[in-house]
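Read the single chain below, which is given as structure tokens and is the form predicted on its own.
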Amino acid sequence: MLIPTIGIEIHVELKSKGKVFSKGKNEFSTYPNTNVTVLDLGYPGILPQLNKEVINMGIAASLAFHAEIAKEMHFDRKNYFYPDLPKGYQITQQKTPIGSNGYIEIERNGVKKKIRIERLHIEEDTCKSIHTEHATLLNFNRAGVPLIEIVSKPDIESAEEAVLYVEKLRETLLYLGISDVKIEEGSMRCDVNVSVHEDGTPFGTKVEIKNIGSISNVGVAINYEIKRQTEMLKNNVKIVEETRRFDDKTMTTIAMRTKETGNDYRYFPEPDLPYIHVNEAWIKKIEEKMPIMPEVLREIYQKLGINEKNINAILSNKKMCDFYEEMRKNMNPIILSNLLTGDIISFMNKNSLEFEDIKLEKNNLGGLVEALERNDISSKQGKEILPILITEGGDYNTLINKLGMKQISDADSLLELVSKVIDENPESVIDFKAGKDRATKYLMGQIMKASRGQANPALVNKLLIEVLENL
């Protein structure tokens, strides 16, 4: 049986205010070549200046991934010639990565596994190439945007593990607040190395896969490549080291170029940037500002009794999770999680809305949660109120009074209503005595109709059965 071996390299764009070595703005612009300086364009004689904010973000990422932080580091020049790199070299960290020997812990089918991280290093992004029918155009807005490259050890053994690893890495960086990590928009780019080998034999020849545009496609690309390589070996076809791209239309990998020899980038220390010395005080200062991580929140939510489906839904939406964290300590956390991950997410998906687009506020949603817990309103009424709170906002109590939706839970008032409906429907009483279930359902419907949906259904059902059984 052939065993897959998988390693993943992930480039993540950081959300610093400025670029890593220039004074250019690090912000997305729909207008090409507007966030550009002469250094980004590779003008000769212009000296780089390191952005300290980027180092702070690199330290935070290293801490989050349990990596050893380099106390002394420098930048290197990676020399190659390509149109997207006008200087003829990229400034990166080859010899002294900011973080090394870290790990990410994933869980699959109740079993936990650590995927080792070989290194995290900081580098500058290149400009963006736009290929047209007649020419290749260059947009330098991306040139000099700070990146962290995170390189895993070849510890991943399946597509499922790979997807879990990428999801956990993305989630961690998102909660750190240092990147948008939107793989679909290019702020997170994923390259996968895949090989297969017989158990007990050395690793096989690895193949690199690029151009993977979503996390789910990471798994698709890996499964296809495992199948392709397995069939080649069964047919005695030699696998060559090459770079392939993932085609999301055919869901296959396509050869781009072979690697007959290793790349010689002629690395040497960047002479225009000083060495960086990181002491424990610097690391501690960043550690103290670290936000609470998703795995810690997961344990808290499990202890609160929230089901795994709801936990995953909350944690997958950072803004929703922040909102939930602000609210859960002052009200029923389970009712709150059910609303957020049920009707609210459903409404957002149906109307193509992001959480920041809706008008929910802590006070108005909190009022709804408390009303549901006290049985002031029914769950059905809650479903009617939520779309109004989502689209219009406003005060919960004012809305309830305006809609006349306050639930009737007074036993004496409901008993009077139950008796009246029973008196008006003697046939249903006969059906109930005959053991027909439909009688109770019909009478319940008539009572809810008479109360315009405001009667507490649980209490009504209890009173109705008691009265019927005593007739």
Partner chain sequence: MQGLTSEEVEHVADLANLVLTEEEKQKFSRQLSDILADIDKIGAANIEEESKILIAPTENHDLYHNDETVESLKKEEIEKNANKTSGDYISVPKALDD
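Numbering follows the first chain given and starts at 1. Worth saying up front: this structure is predicted, and the values here are computed from it rather than measured.
Absent from the display: the form predicted together with the partner chain. The rest refers to it.
Next on the checklist: Considering non-hydrogen atoms and a 4.5 Å limit, which listed residue (Val296, Ile130, Val240, Leu304) is close to the partner chain in the model of the complex?
Outcome noted: By the 4.5 Å criterion, the partner-contacting residue is Ile130.
Checklist entry - Which residue among Tyr165, Phe140, Phe246, Phe323 has a heavy atom within 4.5 angstroms of the partner chain in the model of the complex? => result That would be Phe140.
Checklist entry - the partner chain isn't shown here, but in the model of the complex, which of 24 to 32, 424 to 432, 439 to 447, 60 to 68 has heavy atoms within 4.5 Å of it? => result That would be stretch 24 to 32.
Next on the checklist: Is Asn456 part of the interface with the partner chain in the model of the complex - any heavy atom within 4.5 Å?
Outcome noted: Taking the distances in the model of the complex, the answer for Asn456 is no, it never comes within 4.5 Å of the partner chain.
Checklist entry - Is there any non-hydrogen atom of Val38 lying within 4.5 Å of the partner chain in the model of the complex? => result Val38 belongs to the contact set for the partner chain.
Checklist entry - So in the model of the complex, does any heavy atom of Glu270 sit within 4.5 Å of the partner chain? => result Contact with the partner chain, yes.
Checklist entry - For Gly177, is any heavy atom within 4.5 Å of the partner chain in the model of the complex, or not? => result Looking in the model of the complex, residue contacts with the partner chain do not include Gly177, since no heavy atom lies within 4.5 Å.
Item to check | Contacts with the partner chain in the model of the complex, stretch 75 to 113 (heavy atom within 4.5 Å) | outcome: Phe81, Tyr82, Pro83 sit within 4.5 Å of the partner.
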